[in-house]
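This document starts with one chain, in the form predicted on its own, laid out as structure tokens.
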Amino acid sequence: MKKYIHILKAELMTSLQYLPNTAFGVFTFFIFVYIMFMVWQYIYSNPQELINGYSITQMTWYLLVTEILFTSLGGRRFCKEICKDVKSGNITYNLNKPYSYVFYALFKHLGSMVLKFIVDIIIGVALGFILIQSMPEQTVLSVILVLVTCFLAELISIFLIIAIGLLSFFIEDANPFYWLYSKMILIFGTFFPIEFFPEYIRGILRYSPIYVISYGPARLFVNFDINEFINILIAQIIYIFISYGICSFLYAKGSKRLNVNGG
């Protein structure tokens, strides 16, 4: 485990050298959230109105939490890196290394996104108070538990993106698959909560990755319930094992297809 911690630390130190990039990401985050807030403010013509069980305050904070999870992840760049490693053959250098490539990619990306995740949380909370002047009722314990689900959500997201990138072993370019995946997350998990969709779609979404990586943590933040937390936590643990298993399977199968010459 120490070697993975060193990888995380090294990547974190590297990310500290590129603070302007983080600042630019914060700017785009602010613009997106502000535009969506204007849209929801127009929809909620009456500030006291509830739409599918959500008030304007809850919808704003739901949007903030899901957007923090999505933008801090940097999924598109990460997927491109995995695809590039496979297509260029750089991944072959990891075949004989004393570590798992899947865990190497996981901790490397965690190191690169930690700073942005923290900055996005700070900016998101400040922006929420500026736009709505209030927040859902919280306790210290509920905030800690929500942060736990946020961390697990990011772990699952990273594993799923690694799996998409590893598809490059079998197809020419896996990036279009990430494009489709990210748009599904945005439409069904970021822009709108699950409750905004027809009943037959809700049933599907509650068993999909969207429930554990986007909807779940945000739903807990705007309306915390201990029973729902337990359900989401169990689902996240199951998805961590499933997503890691998919990554390991794809890497094992893909590495056998490589013809390694001279290392």
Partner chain sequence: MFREIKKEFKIISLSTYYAIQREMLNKASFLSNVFFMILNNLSMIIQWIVLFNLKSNIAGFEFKDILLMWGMAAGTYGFAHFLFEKAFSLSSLIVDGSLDNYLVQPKNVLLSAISSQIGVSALGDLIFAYIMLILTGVTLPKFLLFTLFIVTGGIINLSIAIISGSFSFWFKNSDIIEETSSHLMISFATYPGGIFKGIVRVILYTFIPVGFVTFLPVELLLNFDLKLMLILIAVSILFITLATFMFYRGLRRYSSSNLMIARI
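Bear in mind the structure is a predicted one, so any value in this text is a computation, not a measurement. Residue numbers count along the first chain shown, from 1.
Absent from the display: the form predicted together with the partner chain. The rest refers to it.
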| property | result |
| --- | --- |
| The partner chain in the model of the complex: contacted by all of Thr28, Ile51 and Lys183, heavy atom 4.5 Å | yes |
| Stretch in contact, per heavy atom within 4.5 angstroms of the partner chain in the model of the complex, of 234-242, 205-213, 33-41, 221-229 | 33-41 |
| Partner-contacting position among Phe78, Tyr101, Phe177, Phe169 - heavy atom within 4.5 Å of the partner chain in the model of the complex | Phe177 |
| 4.5 Å heavy atom contact, Ile118 to the partner chain in the model of the complex | no |
| 4.5 angstroms heavy atom contact with the partner chain in the model of the complex for Phe151 | no |
| Touches the partner chain in the model of the complex: Val114 (any heavy atom, 4.5 Å) | no |
| Close approach of Phe191 to the partner chain in the model of the complex, 4.5 Å, heavy atom | yes |
